[in-house]
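The data below hold one chain only, encoded as structure tokens and taken in the form predicted on its own.
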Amino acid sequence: MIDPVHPLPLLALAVGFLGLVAALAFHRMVQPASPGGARIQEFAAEIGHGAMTFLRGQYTWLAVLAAVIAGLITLLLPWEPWTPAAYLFGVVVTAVASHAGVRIATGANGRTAEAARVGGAQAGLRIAFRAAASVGFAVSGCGLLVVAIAFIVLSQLWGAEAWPHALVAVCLGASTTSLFARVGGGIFTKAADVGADLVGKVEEGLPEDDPRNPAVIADHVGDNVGAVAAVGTDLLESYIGSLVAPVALAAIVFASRSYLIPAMMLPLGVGIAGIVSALAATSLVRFRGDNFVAALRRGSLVATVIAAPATFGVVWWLMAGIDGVANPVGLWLAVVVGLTIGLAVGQITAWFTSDNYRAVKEVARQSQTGAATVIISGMAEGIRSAAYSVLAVATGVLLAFVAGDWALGSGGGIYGVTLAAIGLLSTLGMTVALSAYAPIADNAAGIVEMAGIHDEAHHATDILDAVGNATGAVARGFTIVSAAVTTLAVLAAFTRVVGLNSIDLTSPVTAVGLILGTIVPFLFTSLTLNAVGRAASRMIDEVRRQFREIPGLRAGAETAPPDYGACVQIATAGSLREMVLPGTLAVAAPLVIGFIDVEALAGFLAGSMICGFLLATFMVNAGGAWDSAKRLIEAGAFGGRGSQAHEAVVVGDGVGDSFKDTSGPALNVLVKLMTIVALVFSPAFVG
């Protein structure tokens, strides 16, 4: 049992609460800003209402699935009330964090648009970044607070052997919510996007974000549910998993060693250092000149630089001078490796998705010979980016293993890998802020267009949108790598729980499991891509119906307004209905295989992790390259808008949208959720 008077869990509780206070403080900096005129407020309210409509539908379905999984936990695991309670706690808190993030983001859209109209790009950027920082610290503070509360409560209720397993159930609850947000939100945003573009822009010849387009509000709602709710819950779930995995692993591997309790507390200490560092870095972000992307990336770098020495202090406090800890510096080095992986992958993603680098320029150049060469070039760059990302992660995992082994000896290597996962996610507040900024800026640009405000305001919001495109692409790459490293940490804990010291690839049972594991990411991707197609078809039919049946709609939205709500309802219903089968696959597959053979399940999880990581990186970065190539040409390269090159990159971007915003990111949740399901239900498999 953990010492109830030890200060570190209580300090984690306080710092988690500090994160929420910081989120509130940033939110209050945004609220006094002018919400704009009547037209700006009207469209901002429509977007906010649409987002809440989606979330209400999502939470209805979520409640059903959560009840089913809680029932399975009660039926299949040895009876005790705390594991299902911990699971439901994870579901509820993650859903609340998602809801709060979307409310903050949608509340800032109109204010960002008005600030850009009055004060230019810098003024709009300040509002958007403060709102995004509010989302970031709401997510990171909530994550540390959840784990600290569960850590304190469960460790005082049970003996040392039982309570870490219930702590893992909290992570499963977060994964369940993340599955709905990622898959449902991804299908929603692409269904709305395709409907708005194909009918509004192509068939009707309307400009981007024209208020006469019935799907334009649904398109902006999709930005929020796909990039705020989805990315926020994805990273929150990874963060909780990275904190929980080393606790569960330490409880098994270090059960008889003198440093068991410090090893279980160290993840909380790293989380404390990360939130404080991210908060300090966020307060130091300054927007001078016109290179806004560099200012935001400097914020990430500063957070990492501050986190490194802060983490050293935590490691030395907890682990120095304890029998069996030969070199506590090794544990710190493992965390630093994780911090470094985050920076490296962010740069790799930028190389392949930013129009400042050769890869995107090459994709844009290929547009001169048609859509086919654009697609071929984008796929090639996506595949190459996956190779670079894998090299970065593999190097990091090896270094973290060596550092952990140097520190603790037997069992320390894999513990070092779990610490690297925490290091990767420790500055979560800044990472989520970079992701949440993108939809706020995009919505602000859309509101300016819909409200008919042009000239300087339009130019300013276009700059904000371009910055958001760059930060959003980096955040997508980060979520994939964090998912891979977190999954590896959870998989290590699973193998120890079921008594596997290694995964024997020469065993036919394990080999079959490995092969089946490689199939699942492809099957899941097929399901989500087809789901986008079906949901988009329903959206297209509705947009065409409105143009056909609403008299005067083409003439002007002021005299004959479209029914924005109908498109939001169609996207909501379609996305939630279409996610049932992919969600069922993610939960059922590890359960079925686990009850057949745990060695096959270990191979299955390893195969799905590796294949899912590669496929997700390829899809997200290829999609980002196509998107940036389109923006580069729309800025005037290779003939600009309306040219043959522009038509070619629009086709490429149409393919890439579902890659980068639905199927690719959803694979993160798939591999994490299946591994966490396996860990939670592992007592039933071996029993």
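Since we're looking at a predicted model, the values are computed, not measured. Note that residue numbering follows the sequence shown and begins at 1.
Although it is not shown, the form predicted in complex with a further copy of the same chain is what the next lines describe.
Single option in 300, 340, 525, 155 placed near a further copy of the same chain in the predicted complex, where near means a heavy atom within 4.5 Å
Checked against the cut-off, the match is 525.
Quick check on this chain: which one of 78, 81, 508, 71 has a heavy atom within 4.5 Å of a further copy of the same chain in the predicted complex?
Checked against the cut-off, the match is 508.
One stretch from 91 to 99, 392 to 400, 273 to 281, 113 to 121 that, in the predicted complex, holds residues within 4.5 Å of a further copy of the same chain by heavy atom:
Checking each option against the 4.5 Å cut-off leaves 392 to 400.
Every residue of 369, 606 and 614 near a further copy of the same chain in the predicted complex, heavy atom within 4.5 Å:
Affirmative, all three are within 4.5 Å.
Hey, in the predicted complex, is residue 388 touching a further copy of the same chain, heavy atoms inside 4.5 Å?
Because a heavy atom of residue 388 falls inside 4.5 Å of a further copy of the same chain in the predicted complex, the answer is yes.
Answer yes if any heavy atom of residue 501 is within 4.5 Å of a heavy atom of a further copy of the same chain in the predicted complex; otherwise answer no.
Flag for residue 501 set to yes.
So, in the predicted complex, is residue 384 in contact with a further copy of the same chain at a 4.5 angstroms heavy atom limit?
Within the cut-off, so yes.
I'd like to know if residue 145 sits close to a further copy of the same chain in the predicted complex, meaning any non-hydrogen atom pair within 4.5 angstroms.
No - in the predicted complex, heavy atoms of residue 145 and a further copy of the same chain never come within 4.5 Å of each other.
If you look in the predicted complex, which residues in 652 to 676 sit within 4.5 Å of a further copy of the same chain (heavy atoms)?
Read in sequence order, the residues that approach a further copy of the same chain (within 4.5 Å, in the predicted complex) are 654, 655, 658, 659.
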